[in-house]
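Before any questions on binding or motion, here is one chain by itself as structure tokens, the form predicted alone.
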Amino acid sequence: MKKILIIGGGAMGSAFSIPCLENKNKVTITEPYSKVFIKNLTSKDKFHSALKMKLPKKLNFRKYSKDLLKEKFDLIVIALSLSGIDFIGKELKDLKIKIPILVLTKGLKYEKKKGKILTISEKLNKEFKIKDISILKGPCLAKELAKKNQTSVIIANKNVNKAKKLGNMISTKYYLIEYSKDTVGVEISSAIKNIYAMIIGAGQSLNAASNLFQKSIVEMKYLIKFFKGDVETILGLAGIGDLYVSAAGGRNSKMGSYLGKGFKFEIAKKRFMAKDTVEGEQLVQEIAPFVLKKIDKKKIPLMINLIKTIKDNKKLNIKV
């Protein structure tokens, strides 16, 4: 039995606790700032409002504190939103944590002073001096994982043996895990697919969406090369696999459908998705300054179009 701490009580962090518990691990979950999720996890029946289901009674909730991080865990899982990475990075750095870290969070960070984009693992390593980092990505909808539907994900670490050690700790008959050394490619793929899922969602027919899917893959391949990842990663779970799931039924695709119908982003967000987090929009806001300045716009016309649509609050104008 291993002791696992999950930081982040949202849908994914909570759903992830289920395969961890089924592997007979002792799992503790904590939530630093969401009052809604804290209320869910401390309720008598542990009914999670985002997952629309009761979580296992064995799942132990603890109030977030630095003292909690000091306890002896075998694994710390980061399942916060992108905006929480700086917060938890500072906390872990202050305590000089040497416990293995597994990152579920998807996204990229733009370092303005350095003029470069960092993956989450790069930021945690370079800025917060955290060494033992693995990342878990792939086509995984939290609600389906919580229902124990078959789900395949990929764990990446430059030391594959470390990734496999974590895989053995959390895999089940329905939670299947692959492994990769390409941490950069896996993180870049899993982040930018949120932008391309929005673009694909804008297609107002299957024919149009299919065309946009193909063009999205071409742009993703270019971007992987640009950031020095392995192009083959695009063909795996973190690339096409994750893009398919997001385009078929995620929040990014849903927002894209409204943009495709002619709504401006701010109007669509306020009218139809006021309470939803749209990861693709968050990523656009984060990386737009770098993309618009450093990357050849002719190579990524779909991404450039979406960036301008969101940043300038204009109607989407993608020619299929």
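It should be emphasised that the depicted structure is a prediction, and the values quoted were computed from it without experimental measurement. Note that residue numbering begins at 1 and tracks the sequence as displayed.
The protein also exists as the form predicted together with a small molecule; that form is not presented, and the subsequent description refers to it.
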query: In the predicted bound form, the one of 310, 303, 12, 18 near the small molecule [non-hydrogen atom within 4.5 angstroms]; finding: 12
query: Partner-contacting position among 199, 136, 192, 243 - heavy atom within 4.5 Å of the small molecule in the predicted bound form; finding: 136
query: Contact at 84, 153 and 279 by the small molecule in the predicted bound form, all three, heavy atom at most 4.5 Å; finding: yes
query: Region of this chain that lies against the small molecule in the predicted bound form, out of 74-82, 93-101, 230-238, 126-134 [heavy atom, 4.5 Å]; finding: 74-82
query: Close approach of residue 272 to the small molecule in the predicted bound form, 4.5 Å, heavy atom; finding: no
query: Partner proximity in the predicted bound form: residue 28 to the small molecule, non-hydrogen atom cutoff 4.5 Å; finding: no
query: Non-hydrogen atom contact residue 33 with the small molecule in the predicted bound form at 4.5 angstroms; finding: yes
query: Exercise: residue 258 in contact with the small molecule in the predicted bound form, heavy atom 4.5 Å; finding: no
